[in-house]
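Next up: a single chain in C-alpha coordinates, the form predicted on its own.
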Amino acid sequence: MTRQIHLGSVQIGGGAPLVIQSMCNTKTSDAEATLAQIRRLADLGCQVIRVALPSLSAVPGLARICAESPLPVVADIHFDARLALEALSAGAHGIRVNPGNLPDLARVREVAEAAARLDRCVRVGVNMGSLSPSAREKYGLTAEAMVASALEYLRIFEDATCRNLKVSLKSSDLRISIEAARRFHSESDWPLHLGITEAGTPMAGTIKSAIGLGVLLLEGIGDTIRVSLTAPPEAEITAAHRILDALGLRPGRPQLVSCPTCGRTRIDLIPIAEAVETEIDRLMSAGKSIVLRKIAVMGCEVNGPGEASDADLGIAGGNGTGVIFKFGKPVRRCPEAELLPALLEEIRAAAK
(Lines give C-alpha, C1' and ligand atoms only; values in the text may rest on other atoms or scores of the structure.)
Protein backbone atom coordinates (compact mmCIF):
# COMPACT_ATOMS: atom_id res chain seq x y z
CA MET A 1 0.00 0.00 0.00
CA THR A 2 1.44 3.37 -1.01
CA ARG A 3 0.84 6.49 1.01
CA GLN A 4 -2.01 8.70 -0.17
CA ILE A 5 -1.43 12.14 -1.64
CA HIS A 6 -3.66 14.71 -3.29
CA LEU A 7 -3.39 16.44 -6.65
CA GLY A 8 -5.99 19.16 -6.52
CA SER A 9 -9.22 17.31 -5.69
CA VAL A 10 -7.91 13.94 -6.90
CA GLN A 11 -6.69 11.39 -4.35
CA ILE A 12 -3.74 9.24 -5.47
CA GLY A 13 -2.37 6.12 -3.77
CA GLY A 14 -3.31 4.67 -0.42
CA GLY A 15 -6.05 2.50 -1.88
CA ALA A 16 -7.64 5.26 -3.99
CA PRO A 17 -8.93 4.18 -7.44
CA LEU A 18 -6.37 4.18 -10.24
CA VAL A 19 -6.09 7.60 -11.90
CA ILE A 20 -5.92 8.09 -15.69
CA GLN A 21 -4.05 11.05 -17.07
CA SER A 22 -2.93 12.46 -20.40
CA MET A 23 -1.04 15.45 -21.78
CA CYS A 24 -2.30 18.23 -24.04
CA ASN A 25 -0.65 18.68 -27.42
CA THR A 26 -1.87 22.26 -27.78
CA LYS A 27 0.25 25.34 -27.10
CA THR A 28 -0.11 26.29 -23.43
CA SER A 29 0.04 29.94 -24.51
CA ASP A 30 -3.22 29.26 -26.40
CA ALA A 31 -5.41 28.85 -23.34
CA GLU A 32 -8.65 28.67 -25.36
CA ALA A 33 -7.51 25.70 -27.45
CA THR A 34 -5.96 23.98 -24.46
CA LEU A 35 -9.08 24.33 -22.33
CA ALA A 36 -11.23 23.00 -25.17
CA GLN A 37 -8.99 19.93 -25.41
CA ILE A 38 -9.03 19.43 -21.63
CA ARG A 39 -12.84 19.49 -21.63
CA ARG A 40 -12.94 16.86 -24.39
CA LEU A 41 -10.52 14.68 -22.45
CA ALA A 42 -12.53 15.09 -19.25
CA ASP A 43 -15.65 13.93 -21.09
CA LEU A 44 -13.75 10.79 -22.14
CA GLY A 45 -12.75 9.98 -18.57
CA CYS A 46 -9.37 11.69 -18.14
CA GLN A 47 -8.80 12.65 -14.49
CA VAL A 48 -5.52 14.60 -14.50
CA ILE A 49 -4.05 16.67 -17.31
CA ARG A 50 -0.45 17.73 -17.93
CA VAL A 51 0.56 20.72 -20.04
CA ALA A 52 3.98 21.77 -21.25
CA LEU A 53 5.55 24.95 -19.93
CA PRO A 54 8.42 25.52 -22.37
CA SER A 55 9.02 29.20 -21.60
CA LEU A 56 8.05 32.06 -19.32
CA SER A 57 5.91 33.51 -22.12
CA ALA A 58 3.44 30.63 -21.63
CA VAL A 59 2.84 31.40 -17.94
CA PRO A 60 -0.19 33.72 -18.50
CA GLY A 61 -1.87 30.98 -20.54
CA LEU A 62 -1.09 28.46 -17.82
CA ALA A 63 -2.66 30.70 -15.18
CA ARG A 64 -5.92 30.87 -17.11
CA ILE A 65 -5.88 27.14 -17.78
CA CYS A 66 -5.39 26.36 -14.09
CA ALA A 67 -8.24 28.70 -13.14
CA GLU A 68 -10.75 27.28 -15.63
CA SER A 69 -9.77 23.63 -16.12
CA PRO A 70 -12.26 20.97 -15.00
CA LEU A 71 -9.26 18.73 -14.21
CA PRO A 72 -6.23 19.20 -11.96
CA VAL A 73 -3.41 20.67 -14.05
CA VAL A 74 0.22 19.52 -13.88
CA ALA A 75 2.84 21.78 -15.45
CA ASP A 76 5.63 19.90 -17.22
CA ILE A 77 9.01 21.47 -16.42
CA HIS A 78 12.40 20.90 -18.00
CA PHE A 79 15.80 22.65 -17.91
CA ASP A 80 14.80 25.83 -16.03
CA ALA A 81 13.80 25.80 -12.35
CA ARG A 82 12.30 29.29 -12.75
CA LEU A 83 9.52 27.73 -14.80
CA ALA A 84 8.59 25.47 -11.88
CA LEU A 85 8.39 28.43 -9.50
CA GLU A 86 6.30 30.41 -11.97
CA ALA A 87 3.99 27.44 -12.54
CA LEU A 88 3.35 27.14 -8.81
CA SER A 89 2.65 30.88 -8.60
CA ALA A 90 0.28 30.58 -11.57
CA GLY A 91 -1.86 28.07 -9.71
CA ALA A 92 -0.70 24.73 -11.12
CA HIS A 93 -2.08 21.92 -8.96
CA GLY A 94 1.14 20.03 -9.53
CA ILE A 95 4.44 20.13 -11.36
CA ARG A 96 6.42 17.42 -13.08
CA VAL A 97 10.15 17.93 -12.73
CA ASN A 98 13.08 15.82 -13.80
CA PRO A 99 15.97 16.90 -11.55
CA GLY A 100 18.33 15.14 -13.96
CA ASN A 101 17.92 18.01 -16.42
CA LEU A 102 17.84 20.75 -13.77
CA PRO A 103 21.58 21.08 -13.13
CA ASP A 104 21.40 23.64 -10.31
CA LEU A 105 20.26 21.56 -7.33
CA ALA A 106 20.11 24.66 -5.15
CA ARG A 107 17.29 25.90 -7.41
CA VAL A 108 15.64 22.48 -7.19
CA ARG A 109 15.63 22.86 -3.40
CA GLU A 110 13.99 26.25 -3.85
CA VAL A 111 11.29 24.59 -5.96
CA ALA A 112 10.82 21.93 -3.29
CA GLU A 113 10.40 24.55 -0.58
CA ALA A 114 7.83 26.45 -2.65
CA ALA A 115 5.84 23.27 -3.38
CA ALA A 116 5.89 22.37 0.31
CA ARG A 117 4.79 25.85 1.36
CA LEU A 118 1.88 25.81 -1.11
CA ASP A 119 1.05 22.12 -0.50
CA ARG A 120 1.22 21.31 -4.21
CA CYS A 121 1.92 17.95 -5.78
CA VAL A 122 5.32 17.18 -7.32
CA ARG A 123 5.99 14.33 -9.67
CA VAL A 124 9.66 13.37 -9.66
CA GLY A 125 10.09 11.98 -13.15
CA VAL A 126 13.11 9.90 -14.06
CA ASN A 127 13.84 8.90 -17.64
CA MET A 128 16.79 6.92 -18.92
CA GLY A 129 18.15 10.01 -20.63
CA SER A 130 18.37 12.09 -17.47
CA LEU A 131 19.80 9.97 -14.68
CA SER A 132 21.72 11.44 -11.80
CA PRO A 133 25.46 11.45 -12.60
CA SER A 134 26.29 9.33 -9.56
CA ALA A 135 23.67 6.68 -10.36
CA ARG A 136 24.70 6.52 -14.01
CA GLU A 137 28.35 6.14 -13.11
CA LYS A 138 27.63 3.39 -10.60
CA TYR A 139 24.95 1.38 -12.42
CA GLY A 140 25.06 2.42 -16.09
CA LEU A 141 21.86 2.59 -18.17
CA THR A 142 19.87 0.20 -16.01
CA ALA A 143 16.72 -0.06 -13.93
CA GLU A 144 18.92 0.15 -10.83
CA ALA A 145 20.21 3.52 -12.01
CA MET A 146 16.67 4.81 -12.51
CA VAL A 147 15.61 3.80 -9.00
CA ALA A 148 18.79 5.19 -7.42
CA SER A 149 18.19 8.48 -9.26
CA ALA A 150 14.59 8.67 -8.08
CA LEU A 151 15.53 8.03 -4.45
CA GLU A 152 18.35 10.58 -4.64
CA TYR A 153 16.05 13.26 -6.06
CA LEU A 154 13.22 12.41 -3.66
CA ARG A 155 15.45 13.22 -0.71
CA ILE A 156 15.65 16.84 -1.86
CA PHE A 157 11.87 17.15 -1.70
CA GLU A 158 11.49 15.10 1.46
CA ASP A 159 14.05 17.33 3.20
CA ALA A 160 11.91 20.32 2.24
CA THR A 161 8.92 18.57 3.93
CA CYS A 162 7.00 18.03 0.68
CA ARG A 163 4.10 15.72 1.46
CA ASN A 164 2.55 15.32 -1.98
CA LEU A 165 5.10 13.41 -4.03
CA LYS A 166 4.77 10.79 -6.72
CA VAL A 167 7.38 9.17 -8.92
CA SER A 168 7.67 7.96 -12.49
CA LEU A 169 10.40 5.73 -13.89
CA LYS A 170 9.96 5.58 -17.64
CA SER A 171 11.92 3.96 -20.38
CA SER A 172 10.96 3.00 -23.92
CA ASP A 173 12.35 -0.44 -23.02
CA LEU A 174 9.59 -2.62 -21.55
CA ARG A 175 11.83 -4.80 -19.44
CA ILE A 176 13.68 -1.86 -17.88
CA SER A 177 10.44 -0.01 -17.12
CA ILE A 178 8.91 -3.05 -15.44
CA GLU A 179 12.04 -3.85 -13.45
CA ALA A 180 12.46 -0.24 -12.31
CA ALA A 181 8.84 -0.01 -11.10
CA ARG A 182 9.16 -3.29 -9.21
CA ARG A 183 12.41 -2.21 -7.57
CA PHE A 184 11.07 1.18 -6.56
CA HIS A 185 7.83 -0.32 -5.23
CA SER A 186 9.85 -2.64 -3.00
CA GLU A 187 11.93 0.23 -1.60
CA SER A 188 9.52 3.16 -1.24
CA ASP A 189 5.85 3.80 -0.46
CA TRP A 190 5.51 6.97 -2.53
CA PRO A 191 2.82 6.55 -5.23
CA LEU A 192 3.97 5.48 -8.68
CA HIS A 193 2.88 6.91 -12.00
CA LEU A 194 3.20 4.23 -14.70
CA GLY A 195 3.86 4.59 -18.39
CA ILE A 196 6.04 3.34 -21.21
CA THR A 197 7.57 6.47 -22.66
CA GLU A 198 7.68 6.98 -26.43
CA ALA A 199 5.57 3.82 -26.82
CA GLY A 200 4.80 4.55 -30.47
CA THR A 201 1.90 4.85 -32.88
CA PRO A 202 -1.67 3.96 -31.79
CA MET A 203 -1.66 0.21 -32.37
CA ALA A 204 1.98 -0.53 -31.56
CA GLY A 205 2.02 1.89 -28.64
CA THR A 206 -1.18 0.53 -27.15
CA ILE A 207 0.13 -3.04 -27.34
CA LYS A 208 3.45 -2.07 -25.78
CA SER A 209 1.73 -0.08 -23.03
CA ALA A 210 -0.79 -2.83 -22.36
CA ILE A 211 2.02 -5.31 -21.77
CA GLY A 212 4.07 -3.03 -19.51
CA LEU A 213 1.19 -1.53 -17.55
CA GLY A 214 -0.72 -4.79 -17.43
CA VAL A 215 2.15 -6.73 -15.86
CA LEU A 216 2.61 -4.12 -13.13
CA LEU A 217 -1.07 -3.45 -12.43
CA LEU A 218 -1.77 -7.16 -12.05
CA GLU A 219 0.98 -7.20 -9.42
CA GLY A 220 -0.70 -4.35 -7.55
CA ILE A 221 1.92 -1.80 -8.60
CA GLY A 222 0.88 1.64 -9.84
CA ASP A 223 -1.40 4.47 -8.75
CA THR A 224 -1.72 6.58 -11.91
CA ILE A 225 -1.17 5.75 -15.58
CA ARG A 226 -0.63 7.39 -18.93
CA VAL A 227 -0.64 5.56 -22.25
CA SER A 228 1.88 7.60 -24.25
CA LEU A 229 0.98 7.45 -27.93
CA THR A 230 2.05 9.26 -31.08
CA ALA A 231 -1.57 10.26 -31.54
CA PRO A 232 -4.08 12.84 -30.29
CA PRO A 233 -4.44 12.64 -26.50
CA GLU A 234 -8.03 11.49 -26.86
CA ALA A 235 -6.64 8.19 -28.20
CA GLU A 236 -4.56 7.82 -25.03
CA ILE A 237 -7.66 7.95 -22.83
CA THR A 238 -9.49 5.39 -24.97
CA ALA A 239 -6.47 3.07 -24.85
CA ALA A 240 -6.13 3.49 -21.08
CA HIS A 241 -9.77 2.55 -20.56
CA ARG A 242 -9.39 -0.49 -22.80
CA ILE A 243 -6.37 -1.66 -20.81
CA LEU A 244 -8.18 -1.23 -17.51
CA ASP A 245 -11.24 -3.01 -18.92
CA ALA A 246 -9.13 -5.99 -19.92
CA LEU A 247 -7.63 -6.11 -16.41
CA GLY A 248 -11.02 -5.81 -14.73
CA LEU A 249 -9.91 -2.59 -13.03
CA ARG A 250 -12.66 -0.25 -14.20
CA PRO A 251 -15.58 -0.29 -11.74
CA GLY A 252 -19.06 -0.18 -13.21
CA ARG A 253 -18.04 -1.37 -16.68
CA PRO A 254 -18.70 -4.95 -17.75
CA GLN A 255 -16.05 -6.95 -19.56
CA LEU A 256 -17.05 -7.55 -23.17
CA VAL A 257 -15.98 -10.90 -24.60
CA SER A 258 -16.63 -11.76 -28.24
CA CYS A 259 -15.52 -14.66 -30.39
CA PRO A 260 -13.14 -14.05 -33.31
CA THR A 261 -15.60 -15.65 -35.83
CA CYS A 262 -14.84 -18.55 -38.15
CA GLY A 263 -16.50 -20.62 -40.85
CA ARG A 264 -19.20 -21.80 -38.39
CA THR A 265 -20.48 -18.27 -37.85
CA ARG A 266 -23.89 -17.79 -39.48
CA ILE A 267 -24.71 -14.25 -38.32
CA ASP A 268 -22.99 -10.93 -39.03
CA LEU A 269 -21.26 -10.86 -35.66
CA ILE A 270 -18.63 -8.15 -36.01
CA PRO A 271 -21.08 -5.20 -36.27
CA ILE A 272 -23.02 -6.60 -33.32
CA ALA A 273 -19.92 -6.70 -31.12
CA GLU A 274 -18.94 -3.18 -32.22
CA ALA A 275 -22.44 -1.86 -31.50
CA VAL A 276 -22.41 -3.39 -28.01
CA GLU A 277 -19.02 -1.81 -27.28
CA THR A 278 -20.29 1.57 -28.52
CA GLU A 279 -23.38 1.34 -26.31
CA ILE A 280 -21.31 0.47 -23.25
CA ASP A 281 -19.08 3.48 -23.99
CA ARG A 282 -22.14 5.72 -24.36
CA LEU A 283 -23.67 4.61 -21.09
CA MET A 284 -20.38 4.97 -19.21
CA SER A 285 -19.80 8.45 -20.67
CA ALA A 286 -23.26 9.40 -19.43
CA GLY A 287 -22.17 8.52 -15.91
CA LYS A 288 -23.99 5.20 -15.74
CA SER A 289 -22.78 2.12 -13.93
CA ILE A 290 -23.72 -1.15 -15.64
CA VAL A 291 -24.49 -3.86 -13.12
CA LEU A 292 -23.25 -6.68 -15.33
CA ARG A 293 -19.84 -8.25 -14.77
CA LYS A 294 -19.42 -9.81 -18.22
CA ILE A 295 -21.27 -9.57 -21.55
CA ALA A 296 -20.61 -12.17 -24.26
CA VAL A 297 -21.17 -11.85 -28.01
CA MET A 298 -20.71 -15.31 -29.52
CA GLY A 299 -21.10 -16.51 -33.08
CA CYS A 300 -22.19 -20.13 -32.70
CA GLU A 301 -23.07 -22.91 -30.31
CA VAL A 302 -19.39 -23.81 -29.80
CA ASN A 303 -18.52 -20.39 -28.40
CA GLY A 304 -21.99 -19.79 -27.02
CA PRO A 305 -23.35 -20.48 -23.55
CA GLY A 306 -20.84 -23.28 -23.03
CA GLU A 307 -17.62 -21.29 -23.20
CA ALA A 308 -19.31 -18.13 -21.96
CA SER A 309 -21.25 -19.79 -19.17
CA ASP A 310 -19.88 -17.33 -16.61
CA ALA A 311 -21.19 -14.31 -18.54
CA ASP A 312 -24.03 -12.45 -16.87
CA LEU A 313 -25.57 -11.78 -20.28
CA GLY A 314 -24.84 -12.83 -23.83
CA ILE A 315 -25.99 -13.90 -27.26
CA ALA A 316 -25.06 -16.92 -29.37
CA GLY A 317 -25.76 -16.95 -33.10
CA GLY A 318 -27.20 -19.72 -35.22
CA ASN A 319 -28.34 -19.95 -38.84
CA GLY A 320 -30.19 -16.65 -39.21
CA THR A 321 -31.25 -16.82 -35.59
CA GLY A 322 -29.77 -16.82 -32.14
CA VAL A 323 -30.39 -17.03 -28.42
CA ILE A 324 -29.99 -14.64 -25.55
CA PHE A 325 -28.55 -16.35 -22.49
CA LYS A 326 -27.95 -15.40 -18.88
CA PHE A 327 -25.37 -17.18 -16.74
CA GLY A 328 -25.05 -19.90 -19.37
CA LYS A 329 -28.82 -20.60 -19.63
CA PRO A 330 -30.77 -19.70 -22.82
CA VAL A 331 -33.69 -17.43 -21.97
CA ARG A 332 -34.94 -16.24 -25.35
CA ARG A 333 -34.62 -17.11 -29.05
CA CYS A 334 -34.70 -14.33 -31.65
CA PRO A 335 -34.39 -13.91 -35.41
CA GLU A 336 -30.98 -12.47 -36.32
CA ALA A 337 -32.43 -8.99 -36.97
CA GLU A 338 -33.75 -8.83 -33.40
CA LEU A 339 -30.68 -10.11 -31.59
CA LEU A 340 -28.82 -6.81 -31.26
CA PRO A 341 -31.86 -4.71 -30.23
CA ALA A 342 -32.79 -7.33 -27.63
CA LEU A 343 -29.25 -7.42 -26.23
CA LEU A 344 -29.00 -3.63 -26.08
CA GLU A 345 -32.35 -3.50 -24.30
CA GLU A 346 -31.01 -5.85 -21.63
CA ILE A 347 -27.81 -3.79 -21.23
CA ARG A 348 -29.73 -0.52 -20.88
CA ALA A 349 -31.98 -2.09 -18.28
CA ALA A 350 -28.88 -2.95 -16.24
CA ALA A 351 -27.51 0.62 -16.37
CA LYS A 352 -28.12 2.64 -13.22
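All figures in this text were calculated on a predicted structure; none of them were measured in a lab. Quick note: we count residues from 1 along the sequence shown, nothing fancier. Basically, rigid core = biggest C-alpha set you can superpose within 1.5 Å across the two forms.
One more form of this protein, predicted together with a further copy of the same chain, exists but is not displayed; see below.
The listed set 82, 109, 242, 138 contains one residue whose heavy atoms approach a further copy of the same chain in the model of the complex to within 4.5 Å, identified as 242.
Checked against a further copy of the same chain in the model of the complex, the candidates 105, 221, 160, 174 yield a single residue with a heavy atom inside 4.5 Å, and that residue is 174. Put simply, residue 113 is far from a further copy of the same chain in the model of the complex: not one heavy atom of it is within 4.5 Å. Using a 4.5 Å cutoff between non-hydrogen atoms, residue 52 counts as a contact of a further copy of the same chain in the model of the complex.
Although the partner is absent from this view, residue 277 contacts a further copy of the same chain in the model of the complex, with a non-hydrogen atom inside 4.5 angstroms.
Using a 4.5 Å cutoff between non-hydrogen atoms, residue 229 counts as a contact of a further copy of the same chain in the model of the complex. With a further copy of the same chain omitted here, the record of contacts in the model of the complex names 246 to 254 of 84 to 92, 160 to 168, 183 to 191, 246 to 254, defined by a heavy atom within 4.5 Å. Contact annotation for 318 to 348: no residue has a non-hydrogen atom within 4.5 angstroms of a further copy of the same chain in the model of the complex. Once the cores line up, the CA of residue 82 ends up less than 2 angstroms apart between the shown form and the other one. Relative to the superposed core, residue 41 undergoes a Cα shift smaller than 2 Å between the shown form and the other one. With the core superposed, residue 251 shows a C-alpha displacement below 2 Å between the shown form and the other one.
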